[in-house]
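Quick heads-up: it's one chain on its own, the form predicted alone, in structure tokens.
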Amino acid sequence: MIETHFLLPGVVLHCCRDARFKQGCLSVQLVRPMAGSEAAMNALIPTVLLRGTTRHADLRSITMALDDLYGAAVSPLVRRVGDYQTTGLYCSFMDQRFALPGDRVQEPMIGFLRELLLESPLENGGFRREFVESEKRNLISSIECELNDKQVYAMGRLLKTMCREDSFGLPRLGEKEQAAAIDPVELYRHYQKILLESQIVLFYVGSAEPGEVADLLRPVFDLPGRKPQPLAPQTGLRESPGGEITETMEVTQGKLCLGFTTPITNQTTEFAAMQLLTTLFGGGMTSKLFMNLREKQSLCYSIGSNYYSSKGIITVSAGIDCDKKELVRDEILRQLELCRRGEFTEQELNAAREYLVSGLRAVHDSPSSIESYYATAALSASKLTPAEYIDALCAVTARQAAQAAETLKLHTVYFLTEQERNIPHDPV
């Protein structure tokens, strides 16, 4: 059961009181409209905050302070949820019940969190240049890692093309060029700005009474001059023209990505049917795409689908031989047409249902999975608890799954293929 407390204007705390775990967790997220002008700065901020404070000047000192809190941990938290990007921190710490008599964990943990958020060491009116430059290199490396993973790169290019008029096409961590241009003074000013104007979402999992947690957190965010700005509601995809795009690179395996649109989102009553259909179609090793294209016909090395439910986007991604593009594309569309006609077995439908239900049953297995599910659901405006979601999935009929498939419309085909090789000819 999630209990919600509105601590201050623009500051909301969601609490899941659960005494099953030895570890508790607390997340802090500043919620921003996804924007290319600030995406890289938002991704960089939490890592810079974790480099040091005025009282704990470096990583070694921070690590020792966390060790004193029974081995607590704090990590950066950057998410993209529909039209929003979040930046903040995720704290994991021992539940108060397991501390030695007389020791406190929760209060000093929240005090240390406040220190990380509000007591950064400054230099010439900005964050310390040493911290910023070091973390910029790490951020650029993370962005480059995504670019070097050709499957991730291809999917990013597909979404960027489909969402050229929509912020959902922006990379979660921002662009490499934006990250490289960040200045310590500019970054600090941006952080002060978003501290004062962002909606702040807190999520706690542990055995403590929610009112007690609320009382500890309220003073942390009672900041002078804070005027939170309202967030525009999540919206479906702002469509732009689609088509087919082919790019060449030095690759040994082609990457074929198909993007579909649907009016069904997590705000519509057919949401569970679309989630089940997407899993039946291409989610997991029992799906029609995996079983037919990979296992039976050996047309691809890998294949799967994703449903971005806040935007109404379904994608299919396949690793293939570069000369099999048309064959694989046609077979993917043929399998979708079979779904539209309801030509799937009860066994296939139940396998997809069980795959989803199994994941939902695991949500309450750890504090981190509880936080991830409910915090993301709150930002995406999804109102279903895991139990309600399971009930909705179990109620979906074969006909409803087929009707969901009928709403899919092919929007964009993206193909990453090998460059033509210049083979020298022997002189005649």
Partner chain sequence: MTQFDYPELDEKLYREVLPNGLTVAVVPRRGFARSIAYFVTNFGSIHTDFRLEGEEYRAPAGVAHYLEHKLFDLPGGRDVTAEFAALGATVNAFTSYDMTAYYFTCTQEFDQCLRLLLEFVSTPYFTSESVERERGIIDQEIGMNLDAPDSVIFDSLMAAMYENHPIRIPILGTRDSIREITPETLELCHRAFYTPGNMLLCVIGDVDPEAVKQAALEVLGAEKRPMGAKQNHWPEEMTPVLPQTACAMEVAMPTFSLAFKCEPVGMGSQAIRQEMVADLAAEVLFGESSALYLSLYEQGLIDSSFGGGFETLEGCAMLCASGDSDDPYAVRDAILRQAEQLVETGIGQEEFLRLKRSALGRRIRGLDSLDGTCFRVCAYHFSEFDYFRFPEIYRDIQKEEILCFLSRVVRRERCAISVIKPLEEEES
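In this text, all values refer to a predicted model and were calculated from it rather than measured experimentally. Under this definition, the rigid core comprises the largest set of C-alpha atoms superposing within 1.5 Å between the forms. Numbering follows the first chain given and starts at 1.
Same protein, other form: the form predicted together with the partner chain, not shown, and the subject of what follows.
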Quiz item: Within 4.5 Å of the partner chain in the model of the complex, heavy atoms considered, which of 212, 183, 130, 123?
Solution: 130
Exercise. Quick one: from 161, 92, 261, 266, grab the residue that has a heavy atom within 4.5 Å of the partner chain in the model of the complex.
Key: 92
Exercise. Would you please decide whether residue 415 lies within 4.5 angstroms of the partner chain in the model of the complex, comparing each non-hydrogen atom pair?
Key: no
Quiz item: Does any heavy atom of residue 270 come within 4.5 Å of a heavy atom of the partner chain in the model of the complex?
Solution: no
Quiz item: Would residue 59 show up as a contact with the partner chain in the model of the complex if we use heavy atoms at 4.5 Å?
Solution: yes
Exercise. Would you please decide whether residue 32 lies within 4.5 angstroms of the partner chain in the model of the complex, comparing each non-hydrogen atom pair?
Key: no
Quiz item: Of 192-200, 136-144, 115-123, 224-232, which is the one stretch near the partner chain in the model of the complex, taking non-hydrogen atoms within 4.5 angstroms as near?
Solution: 136-144
Quiz item: in the model of the complex, does each residue in the set 188, 306 and 308 place a non-hydrogen atom within 4.5 angstroms of the partner chain?
Solution: no
Quiz item: Does anything in 41-75 come within 4.5 Å of the partner chain in the model of the complex by heavy atoms, and if so which residues, in order?
Solution: 51, 58, 59, 60, 63, 64, 67, 68, 70, 71, 72, 73
Quiz prompt | Displaced residue check between the shown form and the other one: residue 61, CA, 2 Å or over, core reference | solution = yes
Quiz item: Does superposing the core leave residue 206 with a CA shift of 2 Å or more between the shown form and the other one?
Solution: yes
Practice problem: Determine, after fitting the two forms on their core, whether residue 18 shows a C-alpha shift of 2 Å or more between the shown form and the other one. | Solution: yes
